[in-house]
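For reference, the chain that follows is the form predicted on its own, supplied as structure tokens.
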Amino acid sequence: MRNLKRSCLISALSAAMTGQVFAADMVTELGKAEGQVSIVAWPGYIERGETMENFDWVTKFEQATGCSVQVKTANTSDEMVALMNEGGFDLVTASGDASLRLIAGKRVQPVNIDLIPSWDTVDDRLKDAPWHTVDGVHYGTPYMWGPNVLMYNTEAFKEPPTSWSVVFEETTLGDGKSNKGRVQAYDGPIHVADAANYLMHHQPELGIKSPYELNDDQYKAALDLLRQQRKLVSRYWHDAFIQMDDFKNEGVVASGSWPFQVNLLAGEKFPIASTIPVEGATGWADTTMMHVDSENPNCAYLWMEHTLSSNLQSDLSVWFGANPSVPAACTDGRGMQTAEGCTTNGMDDFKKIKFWQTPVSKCASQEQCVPYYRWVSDYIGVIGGR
């Protein structure tokens, strides 16, 4: 069933990426709140105090607006695209490897920034970011951004790992044991970019300029590295909580991960830390985007405005280990975050992160690149041992 779903997704993605970017009519004024808003979101992005009491940015919004917040968690960008294609949702917190597909596939509508009073507080580096702005039209509101970190068990590593090689190549770790069967990899085609990022550093002769823009030879090298990694991987993860359980109970000691898992495990006093190795890292800049057929546009706009409030941005930044899209959230004291905390999360490393984006055949760095639908089908093959 899983492979059938992915096969259907390949067709949908291929069609979406060949579609034309459009500009539908945008909302020009707000009316009465409809009473609810339905959101597709990454794990940990929309909290109402159920995981930890201190982290709740839903309850007061519901009380103030009368809009009940309903959340559908998605663990990969492909899941988000599939859910938005199905419909029935108002908003999605889309990463850069999904946002342009949603625009090209006509699944999201332009956002009227004049109806979002806090727009001016958004980081200038994000306001016109190419993953949500097309031909000067905004298709979303920036939410959070950050790196994909290397999470590791400090008992297995006597010193912090300095290279992603610990998840790509068989090696003996600091505890004297092999890494084989003790590492994980992300269960999403965008992981091809992590392999390409590794090759940029270790095989410069390949000439890779961007991990999302690969010609046939570069792409083949990335797939070969992923097939090598397949022999080491105990599980391909996509559920953040299952990954945490694997680190606690299944002997996993290293994997690409999100700061969210690192923070929760460290908070439980588990021997976990994270680092960005010498090769650098891919990363995500997530955008709240509105479905083209949203049934609750007024509540959707109220939520987008709410997401830019400094205290929400501050607390979410602490909770997820990410960087706020509103820089003032680092310093104004309205939430839990501090300037030092934002520095730790990488607020000053924006230019060092290779943000997720959807690979297309017409690319900037070379004449022809391997498009995303091939990443999807080939990565299924890698996971399946082909």
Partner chain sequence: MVDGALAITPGRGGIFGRSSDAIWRNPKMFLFLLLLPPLLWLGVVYIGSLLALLVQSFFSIDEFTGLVKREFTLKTYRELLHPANLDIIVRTVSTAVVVTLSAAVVAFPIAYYAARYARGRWKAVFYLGIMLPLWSSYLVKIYAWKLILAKEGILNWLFAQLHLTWLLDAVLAIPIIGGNSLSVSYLGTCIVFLYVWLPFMILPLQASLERVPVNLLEASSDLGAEPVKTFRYVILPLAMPGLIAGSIFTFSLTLGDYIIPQIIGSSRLFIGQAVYAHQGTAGNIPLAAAFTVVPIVVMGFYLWMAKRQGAFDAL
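For clarity, every value in this text was computed on a predicted model and none was experimentally measured. Positions refer to the first chain, counted from 1.
Although it is not shown, the form predicted in complex with the partner chain is what the next lines describe.
Can you work out whether the partner chain is within 4.5 angstroms of a heavy atom in all three of S234, G381 and R386 in the predicted complex? Answer is yes for this spot.
So which stretch, 196-204, 123-131, 299-307, 226-234, is the one near the partner chain in the predicted complex (non-hydrogen atoms, 4.5 Å)? That would be stretch 226-234.
By the heavy atom within 4.5 Å rule, which residue out of Q218, S257, T76, S210 makes contact with the partner chain in the predicted complex? Spelling it out, the residue with a heavy atom inside the cut-off is T76.
Heavy atom within 4.5 Å of the partner chain in the predicted complex - residue from D239, E170, E155, E295: None of the other options qualify; the answer is D239.
Is there a heavy atom of K72 no more than 4.5 Å from a heavy atom of the partner chain in the predicted complex? K72: no, not in contact with the partner chain in the predicted complex.
Using the partner position in the predicted complex, report whether Q368 sits within 4.5 Å of the partner chain, counting heavy atoms only. Result yes; Q368 sits at the interface with the partner chain in the predicted complex.
Partner proximity in the predicted complex: G251 to the partner chain, non-hydrogen atom cutoff 4.5 Å: Answer yes; at least one heavy atom of G251 falls within 4.5 Å of the partner chain in the predicted complex.
Examine G181 and determine whether its closest non-hydrogen atom to the partner chain in the predicted complex is within 4.5 angstroms. Contact with the partner chain, yes.
Of 348-380, which residues get within 4.5 Å of the partner chain in the predicted complex if you count heavy atoms? Those in contact are S361, K362, Q368, P371, Y372, Y373, V376, S377, I380.
Mind checking the CA-CA distance of Q243 and L83 in the predicted complex? It differs by 3 Å or more from this form, so is it closer or farther? Farther is correct, given that in the predicted complex the C-alpha spacing of Q243 to L83 is increased by at least 3 Å.
Did M80 and R230 drift closer or farther in the predicted complex, going by a CA distance change of 3 angstroms or more? Relative to this form, farther apart in the predicted complex.
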